[in-house]
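Only one chain is shown below, in structure tokens, and it's the form predicted alone.
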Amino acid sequence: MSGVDEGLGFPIHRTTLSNGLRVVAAPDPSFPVVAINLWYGVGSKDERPGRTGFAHLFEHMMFQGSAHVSKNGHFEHVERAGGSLNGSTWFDRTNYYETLPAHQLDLGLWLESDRMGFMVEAMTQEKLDNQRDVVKNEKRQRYDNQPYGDWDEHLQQLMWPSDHPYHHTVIGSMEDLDAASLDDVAAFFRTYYVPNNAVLTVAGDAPPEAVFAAAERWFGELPRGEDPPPVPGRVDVGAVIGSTRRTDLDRDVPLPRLVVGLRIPPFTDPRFEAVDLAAQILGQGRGSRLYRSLVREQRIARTASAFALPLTAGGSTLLVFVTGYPETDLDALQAALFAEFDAMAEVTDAEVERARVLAAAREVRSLESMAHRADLLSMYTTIFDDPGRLNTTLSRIDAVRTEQVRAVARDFLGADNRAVVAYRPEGGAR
């Protein structure tokens, strides 16, 4: 067991069980609650051709009961105890989390350990068919029938080659979801849902010794699995896209919109902090460059925003969204947007200082949430094997200098690295 409390000062302790499960404890007696967070190192990037959407489908299956927990029993147990819970799937990981009264720590750990160890025994064809339909309906509602809902499908195809793990969306395709069999689900579980591919974090009103004892009690007898296979496909595809690419879509949308993706260094790259500040300066808040120029001064856009995704498989994505007015010409809007990209090479010291302050404030505010703190600790342990990075967040932000942000602009905001999805309202804007 080790303890880390430098920097921001959060006490952080960690241990590793004999089966490889990494356990992080972040005691905080401020409130009598515990936030339990379990990250599995599997996401849509791990899906094989013909099996897209599988990681997300599997997340749904994890709430369908396990050997000693009935279907929907996970929800019933947690909510009866006064807690809340959910899960989510992303490109690089899948996570499950509960917030419970502190004296219910064992309940939360028992539920998580039962589905880590004994989920296959409870799987049935009926549950798979039911959850497949739920996921397909989610795809229809959030992607296929939602205005602008298919932007990520088109943008990912422009940004990443067909054999890159980020070429396809997290939700996957209807055809691949239809092809999923019960054997596929079992194989996926045995490959990725093993203790040595997971991180368990407990933040809140529980001493680390109690957390580690409870983790050993509920997870210690689960067998270690085989090491998960490497990420499929080609990860090393170059630092930039190579050109400006654009897809024009005539859709049932209310206003013209540009969605722009730029390839950036992965979250694990030391330059990512500078990328994050560049996104802050470019498009976060009403003091950002895009809002000031496109919305307030030129009055050719209603909204403008930018942010960087923390992805890890060989590169990541800087996303920019700009929505115009009914009369906005998309080509003119794109030209004005790209002019702001080019101007970022001359970002000023004052802008970088402001971005540092805003980023630090954002991080501090987010850490007030026990659940978010637990999620970040799981993330830093999964990706860096270093939960202590939580405490050094502000020092990493403070270390970014103006020249580093300018270098980001020169290297990654240029015409050789822009993917554009342009939405034009069918029949004109309404």
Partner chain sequence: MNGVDRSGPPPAGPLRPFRAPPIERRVVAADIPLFVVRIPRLPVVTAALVLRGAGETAAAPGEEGRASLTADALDGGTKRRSGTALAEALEAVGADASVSAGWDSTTASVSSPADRWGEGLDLLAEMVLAPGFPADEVDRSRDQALARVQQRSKDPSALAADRSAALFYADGERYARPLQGTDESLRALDRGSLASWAEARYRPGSAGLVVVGDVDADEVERVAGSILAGWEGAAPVPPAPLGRGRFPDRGVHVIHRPGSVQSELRLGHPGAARGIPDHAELVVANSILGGTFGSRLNMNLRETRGFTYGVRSNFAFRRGPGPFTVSTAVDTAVTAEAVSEAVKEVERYHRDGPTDDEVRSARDYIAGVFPLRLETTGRVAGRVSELFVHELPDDDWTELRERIRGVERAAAHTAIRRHVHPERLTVVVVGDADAVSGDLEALDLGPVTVHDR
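Numbering follows the first chain given and starts at 1. Please read these numbers as outputs of a predicted model, since none were measured by experiment.
Same protein, other form: the form predicted in complex with its partner chain, not shown, and the subject of what follows.
Looking at 261-269, 284-292, 313-321, 153-161, the stretch with residues near its partner chain in the predicted complex, meaning non-hydrogen atoms within 4.5 angstroms, turns out to be 284-292. Interface residue among R142, R190, R234, R224 relative to its partner chain in the predicted complex, by the heavy atom within 4.5 Å criterion: R142. Note on contacts: among E368, E403, D398, D385, the single residue with a heavy atom within 4.5 Å of its partner chain in the predicted complex is E368. For the chain shown alone, N197 is not a contact residue for its partner chain in the predicted complex, no non-hydrogen atom being within 4.5 angstroms.
Shown alone here, Q131 lies within 4.5 Å of its partner chain in the predicted complex, counting heavy atoms only. A residue is said to contact a partner when one of its heavy atoms sits within 4.5 Å of a partner heavy atom; D106 meets this definition for its partner chain in the predicted complex. Using a 4.5 angstroms threshold between heavy atoms, D176 stays clear of its partner chain in the predicted complex. Looking at 379-410, no residue comes within 4.5 Å of its partner chain in the predicted complex, counting any heavy atom.
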